[in-house]
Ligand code: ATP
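In the block that follows, a single chain appears as structure tokens, in the form predicted alone.
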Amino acid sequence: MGEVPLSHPRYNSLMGRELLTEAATDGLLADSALIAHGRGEAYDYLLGEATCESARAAIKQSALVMKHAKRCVISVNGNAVALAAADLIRCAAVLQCPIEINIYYRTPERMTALNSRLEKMRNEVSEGGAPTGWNGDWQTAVANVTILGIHPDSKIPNLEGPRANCCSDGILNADVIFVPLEDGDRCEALMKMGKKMIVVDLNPLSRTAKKATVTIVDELMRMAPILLSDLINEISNAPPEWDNKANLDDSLAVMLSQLGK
């Protein structure tokens, strides 16, 4: 990673690729994970590899929903852990909510590897100091972040396959679920349970993006620090009612505008 200068115009993208390559070597990812990431990068090119105004509004709305949740949970897969584990743990510490691992290609080896990586990152986040704006005992807040998923005790109704496995202290009884890099089937099943789904999806045309309560059309590594800041700080000028379809249309308009440049 040190071989790429910070001045490189695509530094963040190259670092993301490197993190995923290392995670694949460490057994955290399914074989198709790099393909999924590459598909997302194609949409990010159309965003100009920047957080657009519609994404910024969605991040702000997401922070509001998560802060007002009765029981929030952050659900992660292998790619999310590889790319943004530290910031997601920081968000969970601020919210005092659990993180639950949920993957489609579930094996004991992958679940153990992901759980171990999150536990390691939790220790590093605790020792790394509190984020800007935080007031309180940061080490205790981070230590209180429970990592779930390795021992599921429940199932999501009307969903087949290994992603139906979940934890009653996490996904099953949560009212708000933040899910970077979600799949449409699970999003739809959880929405039918009456849960509010906040997703990060670079494709505004995907079923996940269209079904979710709030969709952040942005790159995960780029938006996670912004979400963290919004969770810590007071938010003003938020829309009284959220129109997710209108926000998706705005994101798509940004992509289409890039085609003419």
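When you see a residue number, it is the position in the sequence shown, counting from 1. If you're wondering where the values come from, they're calculated on a predicted model, not measured in any experiment.
Below, we turn to the form predicted in complex with this ligand, even though it does not appear here.
Proximity to this ligand in the predicted bound form, defined as a heavy atom within 4.5 Å, holds among 59, 202, 231, 28 only for 202. Out of the listed residues 111, 145, 74, 83, 83 is the one that sits within 4.5 Å of this ligand in the predicted bound form by at least one heavy atom. In the predicted bound form, this ligand sits beyond 4.5 Å of every heavy atom of residue 97. With a 4.5 Å cutoff on heavy atoms, residue 208 counts as touching this ligand in the predicted bound form.
The closest non-hydrogen atom of residue 40 lies within 4.5 Å of this ligand in the predicted bound form. Residue contact with this ligand in the predicted bound form: residue 103 places no heavy atom within 4.5 Å of it. Of the stretches 131-139, 86-94, 183-191, 111-119, only 183-191 has residues with a heavy atom within 4.5 Å of this ligand in the predicted bound form.
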